[in-house]
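Have a look below at one chain only, the form predicted on its own, in structure tokens format.
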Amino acid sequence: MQNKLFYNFLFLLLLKHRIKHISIFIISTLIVFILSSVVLLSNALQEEINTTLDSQADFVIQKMRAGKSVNTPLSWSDEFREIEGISQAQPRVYGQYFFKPNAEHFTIVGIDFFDEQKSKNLQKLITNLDMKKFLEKPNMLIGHGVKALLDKYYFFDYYVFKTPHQKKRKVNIYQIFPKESSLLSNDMIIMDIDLAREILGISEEQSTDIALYNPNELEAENIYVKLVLKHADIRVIQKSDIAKAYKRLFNYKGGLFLILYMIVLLTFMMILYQRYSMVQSSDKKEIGILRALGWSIKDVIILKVTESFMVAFGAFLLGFILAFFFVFVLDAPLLSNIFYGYANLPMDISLHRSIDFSLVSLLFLFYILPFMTAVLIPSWKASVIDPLEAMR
């Protein structure tokens, strides 16, 4: 069989059977689009979280009372700093501030801007941040979600906070976090640590929790035991525990979609099998002519399978491109809310565009193998029809 003759017949068949293929093409594209969108979004969010966690503390210490976390004594940081293997012990001040006009919560984070490490991390997140100018008066850095909500109530340049002691504190909006960091900074307000204490009502002798840094991962288990034995009313959170929690969350939500996808895919494969099993008289004549011209059963099967593969490959390519555009250009509207949740302010996130080619290959095999399996048997049945019978 000459290659030129084979491809001529292939494209003629695709053109002639376009009505039969178009419905399969549209449904296949939709299935690939949904699966690819979920996988791309889940993978992108996990990468964002992993990148963020790399710079987080190895241990977080919280004081517990009646099963709830309470403010931690500032003196604990000196105790934990003496433990061998701990390089830094940093008290942290943060908490939720209730925004009455819209019944929403902001996350206020207080930072010691004279801490060199914290200042460097913040300047990586926000370019052109002039620390000297920022500290001249009460200023704050806010996320996009906070900015959108303050604009709604005409607080364009500042907001007046009310402290637990019923005092008012005017704080100016200095800068907005970049949209790319909205996954974590959307509802966040960063200000000087003393200003945050005042607004949240935390005394100078206390902190919300204490962050500990351990440069040697091999010592993590030993340090964990020492921390737990240090005080009875203590909870130790490891960075690895936070990473596992996020991974379980994304795997759970992605798994729900995967189960639904499998149900839809199996249903579609059954429809596909029935569709290609319906050999019409015109199809029989085509096969009879090809067999009469000297084509073998193998050649006819290859022709039929290649015809179906072209449809499947085109659907996969279009579905994946649409999914990439949907996730990384449109920021996955509606679908993103399932992963982000509605616990606080609505999120407007720009995900980092990246493609894991091993993931793309897995998606392709996960789609194309069931498709071709459903097509192969009907193609074989059509190809073994006796030429004389097919021409009747």
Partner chain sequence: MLKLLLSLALLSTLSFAQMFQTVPAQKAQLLQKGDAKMYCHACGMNLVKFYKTSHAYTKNGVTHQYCSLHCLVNENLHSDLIDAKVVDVSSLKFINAHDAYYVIGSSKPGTMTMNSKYAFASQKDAKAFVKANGGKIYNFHEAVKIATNDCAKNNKMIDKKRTMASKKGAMMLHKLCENKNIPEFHSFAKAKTYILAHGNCGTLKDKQAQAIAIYLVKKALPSQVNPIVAPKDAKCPVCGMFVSKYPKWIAKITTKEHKEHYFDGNGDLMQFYFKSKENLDKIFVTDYYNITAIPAKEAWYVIGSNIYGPMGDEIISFASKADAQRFNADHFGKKVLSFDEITEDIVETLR
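Numbering follows the first chain given and starts at 1. Quick caveat, the model's predicted, so the values are computed rather than measured.
Below: the form predicted in complex with its partner chain, not depicted.
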4.5 Å heavy atom contact, D241 and its partner chain in the model of the complex
no
Does K100 reach its partner chain in the model of the complex, with heavy atoms at most 4.5 Å apart?
no
Give a yes or no for R81: in the model of the complex, does one of its heavy atoms lie within 4.5 Å of a heavy atom belonging to its partner chain?
yes
So in the model of the complex, does any heavy atom of G85 sit within 4.5 Å of its partner chain?
yes
Can you pick the one in L229, I263, V160, M131 that has a heavy atom within 4.5 Å of its partner chain in the model of the complex?
M131
Checking N172, T267, Q96, N216 against its partner chain in the model of the complex, the residue with a non-hydrogen atom inside 4.5 angstroms turns out to be N216
4.5 Å heavy atom contact with its partner chain in the model of the complex for all of D112, D194 and N222
yes
Look at the stretches 304 to 312, 131 to 139, 148 to 156, 317 to 325 and give the one with heavy atoms within 4.5 Å of its partner chain in the model of the complex.
131 to 139
